[in-house]
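In the block that follows, a single chain appears as structure tokens, in the form predicted alone.
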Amino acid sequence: MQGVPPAMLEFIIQNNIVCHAVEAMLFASISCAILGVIITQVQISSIGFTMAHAAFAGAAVGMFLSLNVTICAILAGVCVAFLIGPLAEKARVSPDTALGLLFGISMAVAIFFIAYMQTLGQGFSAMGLLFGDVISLYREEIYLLALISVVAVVFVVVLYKEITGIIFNKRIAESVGIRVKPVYYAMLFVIALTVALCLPIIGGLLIYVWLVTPAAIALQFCYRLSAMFLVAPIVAAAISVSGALAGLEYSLPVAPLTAVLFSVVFIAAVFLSPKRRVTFRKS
């Protein structure tokens, strides 16, 4: 079929379109889940949420201006990541208020351009930014997704000591010689890249599910950070691949279906969590 790039997992899945959808969801889920562990444990979920919607707004502007959507999303996410601190200082507001302002601005920009594109008859392509599209992928996009998943793994492996220190306590990490600020901004940069590359597949309204839910599921069963870094991407990959296969098999929207599966698995994990049973016994 013309326009469909060669699949990397074609030796497992013969259908080229299904194979590419599975590849996209697999790589996106791995990178999001690994970074999601950091986001939840460092307790910067609001930053991840704001950056995701900033990338969403950048992609909408890029699509409207007929520019590269991915590059515009990356630029928007990176700009917001580096604006959070200065905005809080200059405007004399709390970081949470700064995040709320940036989130509101991002959503306003995104919704405006998507609504305007619908009036111009470009609604179908714009809707892909909202809910994702795993079918219309180019070879380069899938390879970039694979690359960013590798980058996420390498980032955690190389900076594991620093990440662990920051999660435990930023001030103590600084006192023992860990350069917290460079690691922190490097982390935000990698998150911005990941969000921007995953946006066309997952969609701006759903990508936060991939960033937080796998880590939340892993947290129900894991007692160590290293275990969470293993369990979260495995769970995310299993759910995302299942969602892709089921969605394409039964002609259902893949990303929304997968988001529902994440929610169901999280609820089940809460009820089955050994931590919950221990807490119940103590009470």
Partner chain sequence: MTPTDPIIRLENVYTAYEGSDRPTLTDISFSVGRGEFVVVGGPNGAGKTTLLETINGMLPITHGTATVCGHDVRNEGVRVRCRVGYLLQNFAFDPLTPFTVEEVVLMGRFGRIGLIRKPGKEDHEAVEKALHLLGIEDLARRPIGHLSGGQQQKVLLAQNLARDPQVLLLDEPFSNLDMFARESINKLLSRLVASGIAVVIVSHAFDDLPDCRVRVVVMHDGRISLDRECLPADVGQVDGRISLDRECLPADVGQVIRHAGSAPCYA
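Please read all numbers here as calculations on a predicted model, not as lab measurements. Positions refer to the first chain, counted from 1.
Below: the form predicted together with its partner chain, not depicted.
Just one of 207-215, 72-80, 111-119, 159-167 has residues with a heavy atom within 4.5 Å of its partner chain in the predicted bound form, so point it out.
Looking at the other structure, the answer is 159-167.
What is the one choice in Ala238, Leu65, Ala246, Leu225 with a heavy atom within 4.5 Å of its partner chain in the predicted bound form?
It is Leu225.
Of Ala146, Leu102, Ile178, Leu188, which one comes within 4.5 Å of its partner chain in the predicted bound form, counting heavy atoms only?
Going through each option in turn, the one that passes is Ile178.
Report whether the minimum heavy atom distance between Ile135 and its partner chain in the predicted bound form is within 4.5 Å.
No, no contact at 4.5 Å.
Examine Ser45 and determine whether its closest non-hydrogen atom to its partner chain in the predicted bound form is within 4.5 angstroms.
Answer no; every heavy atom of Ser45 is more than 4.5 Å from its partner chain in the predicted bound form.
Would Ile172 sit within 4.5 Å of its partner chain in the predicted bound form, counting heavy atoms only?
Yes, contact at 4.5 Å.
Using a 4.5 Å heavy atom cut-off, state whether Gln41 contacts its partner chain in the predicted bound form.
Gln41: contacts its partner chain in the predicted bound form.
From first to last in sequence, which residues of 132-146 have any non-hydrogen atom within 4.5 angstroms of its partner chain in the predicted bound form?
Residues within 4.5 Å: none in this stretch.
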